[in-house]
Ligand SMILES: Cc1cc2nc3c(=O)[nH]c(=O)nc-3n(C[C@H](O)[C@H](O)[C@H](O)COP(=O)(O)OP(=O)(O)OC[C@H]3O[C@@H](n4cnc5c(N)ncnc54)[C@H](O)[C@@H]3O)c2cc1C
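First comes one chain, alone, set out as structure tokens in the form predicted alone.
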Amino acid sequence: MIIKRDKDIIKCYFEDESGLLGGYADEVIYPESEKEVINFLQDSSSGHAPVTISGGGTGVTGARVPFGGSILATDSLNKIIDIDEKRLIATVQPGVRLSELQIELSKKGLVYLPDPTEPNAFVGGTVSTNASGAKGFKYGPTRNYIKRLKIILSSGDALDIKRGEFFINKGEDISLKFKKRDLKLKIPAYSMPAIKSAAGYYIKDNMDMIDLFIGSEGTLGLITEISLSLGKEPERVMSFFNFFPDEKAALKFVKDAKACNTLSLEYMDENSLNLLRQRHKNIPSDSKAMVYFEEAYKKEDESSITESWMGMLEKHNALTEKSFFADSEKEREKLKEFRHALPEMINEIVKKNKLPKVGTDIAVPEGGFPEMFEFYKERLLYSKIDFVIFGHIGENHMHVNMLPKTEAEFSKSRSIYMDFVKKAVSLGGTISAEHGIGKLKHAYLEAMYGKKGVAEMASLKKSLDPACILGLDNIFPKELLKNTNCH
């Protein structure tokens, strides 16, 4: 086990993409084996020393930012253990980057289907937040592809959970048996929305035990092995960046496109396009919205698929002659650069304004999306605060980014965010669809589940982490654990 206490080394672990400041810790631990993980966690538990599990630093909610104690870095747990081409399963350690995994899979004609947006993310980090990405419209979130997890609890006990072996129900008392003890825990009884969600612990009737740990944000244990289901790489993929003369036309096109078997269905509003025009002069000047989608196909179907999409686009008045199309990997990479330029430019504005952005991760059921979208626009236009709206419109999951220029605007943005949260909850939505809660969204989680629901989460954590040392302040305030008699 490697231990680093040099301030210049450990300070890079005091930040992620959230902008959360003030992190501190005594040391960074780099375990090189499972045995070292067990010994370290047992020692930390006996001394009640806080431990923050650190992934790749790509998260946006401050989950990996420590406030005391030790950092358990997963950088050193970075092996691709096995790729089973026959069973279509890869087994990896948590510190493997998504990009590294996809490169190795591509050599074998395979792909990890959910493909979360950030290629530099650690696989373990994507499991801890149930991450998703542009292809979530067809393939869904990370949860759908986790076949097995090996988890080391803070007590040093190991859980090796395979999907399909152990099912639990809301409000149920269950017992986990280990060599030296039985662990008793009560499953919370709150109800989750029936859409993809990364807001707190996953709880449903007749749920697979493995799902409890997916999206747990480093609060229940350290994941040391992950088995993922894979897919075959599609023969060909075509990508469309389609510009529309007005927002209504784009939204009507999306409604029709949702019935099609696309890989992705993404949206950018007029403000997003105006921002991108600073770098990309070829964006049509008369476009007010953009819809991006990809379609997997076989060579013999290319003409019919292209003709079908063009017909639908023309029906909805898309600026087809000015839109972008790619049917090769090289051309698609150029379009990806275009799409990824928006978050980069937003971050530049944030640095210039010297104030954090206030960005949502809200999703709602299909029937509630038109009302939610209208609510976004009404509140934002009335506020006079700069904003952009983009994201996974196929899943009714938009990222609304407010860009305050003053402290007063920042305060107003936070208030508007809570208005969005309450509206989404009233429509049966989630306050976090893919980013998790971390240390920044406690109030929103309480608005979604109430004090009782969040207290049930704290009680569950205490059962699995009796010393209450892991991921403190992630998901809910650590103060809630004082009422659960941690020992």
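Being a predicted model, the structure only gives us computed values, none of them experimental. When you see a residue number, it is the position in the sequence shown, counting from 1.
Although not depicted, the form predicted in complex with the ligand is the subject of the following passage.
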Point to revise | Options 348-356, 122-130, 155-163, 256-264; stretch whose heavy atom lies within 4.5 Å of the ligand in the predicted complex | key: 122-130
Check your understanding: Can Val421 be called a contact residue for the ligand in the predicted complex at 4.5 Å between heavy atoms?
Key -> no
Practice item. Answer with yes or no whether Thr360 is in contact with the ligand in the predicted complex, where contact means some heavy atom within 4.5 Å. Key: no
Exercise for review: Verify the contact flag for Val454: yes if a non-hydrogen atom of it lies within 4.5 Å of a non-hydrogen atom of the ligand in the predicted complex, no if not.
Suggested key: no
Check your understanding: Looking in the predicted complex, any heavy atom of Asn242 within 4.5 Å of the ligand?
Key -> no
Check your understanding: Among Pro404, Gly368, Pro343, Pro193, which has at least one heavy atom within 4.5 Å of the ligand in the predicted complex?
Key -> Pro343
Study note, to complete from the structure: If we test each of Pro66, Gly429, Pro31, Gly59 for a heavy atom within 4.5 Å of the ligand in the predicted complex, the one that passes is Gly59
Point to revise | Contacts with the ligand in the predicted complex - residues in 429-462 whose heavy atoms fall within 4.5 Å | key: Glu434, His435
